[in-house]
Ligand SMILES: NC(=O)c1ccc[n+]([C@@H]2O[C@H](COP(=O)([O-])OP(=O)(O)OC[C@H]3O[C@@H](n4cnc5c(N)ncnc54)[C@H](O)[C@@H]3O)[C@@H](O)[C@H]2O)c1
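In the block that follows, a single chain appears as structure tokens, in the form predicted alone.
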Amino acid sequence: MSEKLKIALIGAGNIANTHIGAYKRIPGVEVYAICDIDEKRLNITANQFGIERRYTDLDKMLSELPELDAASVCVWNCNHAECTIKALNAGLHVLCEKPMAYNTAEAIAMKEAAEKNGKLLMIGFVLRFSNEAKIAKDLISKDLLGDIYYAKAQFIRRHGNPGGWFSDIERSGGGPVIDIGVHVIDLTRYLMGLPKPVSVYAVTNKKLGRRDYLKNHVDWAPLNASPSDPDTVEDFATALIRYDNGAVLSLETTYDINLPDNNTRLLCGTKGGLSIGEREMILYNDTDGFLSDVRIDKRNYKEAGDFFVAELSHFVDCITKGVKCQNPAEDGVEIMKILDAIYESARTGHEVVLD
């Protein structure tokens, strides 16, 4: 391996910009090349970050740059598998953004390609590197929650369908479930000790649509989003996910709903419960025989930092120092099983039992 780790960006959109900005803050790393099928988008991003090697053809980039060490895959969900497998087959380590793939079959093929090539495949579950996750892990390690038997995960946007490829099921694979719900499904499962999913019952619907008539802006949108983009994804979903240890997760996620924004995660255990909100964390337990609420001040948390920098630093450390990967491909496969089961249960109206 060269003195500096040479990274290629596959994809040049919003999340690629975030990856590049984070890599720029990590010592011993060089953002060496970038590839995107949209040449205009490619040049905007490459110019912004001063990336010289630019490609609109992934195969050409991989064949002309054998010195590459690793890649971040930041493309549409429908292309995650193809781009990841090509990079792995070219001898690169890969960090693939969430969701791992378009479906479970593709995720398994990606995992097998990584194993065949002896390369790392890490999945971009960035919330595992958040300050909230670090604090929760610390509390759980001290046995302050006891046996965690129930979790509730909410990622609710009142008006937040991004449009662009996010609202096109052919490219995204779905709406809030696969886009933002995946974050909180993974985070709660991670904090619960990574139990295996055994069954899913879910409902999804599209009652409001993208609501382009509203005068309010959405939370954020891709740079090339347009009112003419397809709107073929769900805007609401709820699911009950059972795990092999008896624990249960209740999920609520939306793009558009007539309720306030909410991004709260709850963990309920035999010794205590934990509320993980955007502004504060509260530990619910009892003290000297009295019910007590402990508010945790995150403002001056000593380990606080940018979670994307923490995630990509971990990816680099896994490659260069042999650190055990915190977000391995097998976790991505398990989450894809849950996502597929949510959509299948919603389609059929029945519980889906997983192998």
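These numbers come from a predicted model, not from an experiment. Sequential numbering from 1, following the sequence displayed.
If you look for the form predicted together with this ligand, you will not find it shown, but the lines that follow are about it.
**Q** At 4.5 Å between heavy atoms, is C35 in contact with this ligand in the predicted complex?
**A** Contact check for C35: yes, within 4.5 Å of this ligand in the predicted complex.
**Q** In the predicted complex, does Y201 have a heavy atom within 4.5 Å of this ligand?
**A** Contact check for Y201: no, nothing within 4.5 Å of this ligand in the predicted complex.
**Q** Find out whether any non-hydrogen atom of G175 is located within 4.5 angstroms of this ligand in the predicted complex, and reply yes or no.
**A** Flag for G175 set to no.
**Q** Might E97 be said to contact this ligand in the predicted complex, defining contact as any heavy atom within 4.5 Å?
**A** Yes - in the predicted complex, heavy atoms of E97 and this ligand come within 4.5 Å of each other.
**Q** Pick from Y284, W165, Y150, Y243: which residue has any heavy atom within 4.5 angstroms of this ligand in the predicted complex?
**A** Checking each option against this ligand in the predicted complex, the one that comes within 4.5 Å is W165.
**Q** Going by heavy atom distances of 4.5 angstroms or less, which of N131, S275, N79, Q154 would be at the interface with this ligand in the predicted complex?
**A** Result of the distance check: N79.
**Q** Quick one: which of 37 to 45, 320 to 328, 289 to 297, 63 to 71 gets within 4.5 Å of this ligand in the predicted complex, going by heavy atoms?
**A** Among the listed stretches, the partner-contacting one is 37 to 45.
**Q** Between 174 to 190 and this ligand in the predicted complex, list the residues on our side with a heavy atom within 4.5 Å.
**A** Residues within 4.5 Å: D179, H183.
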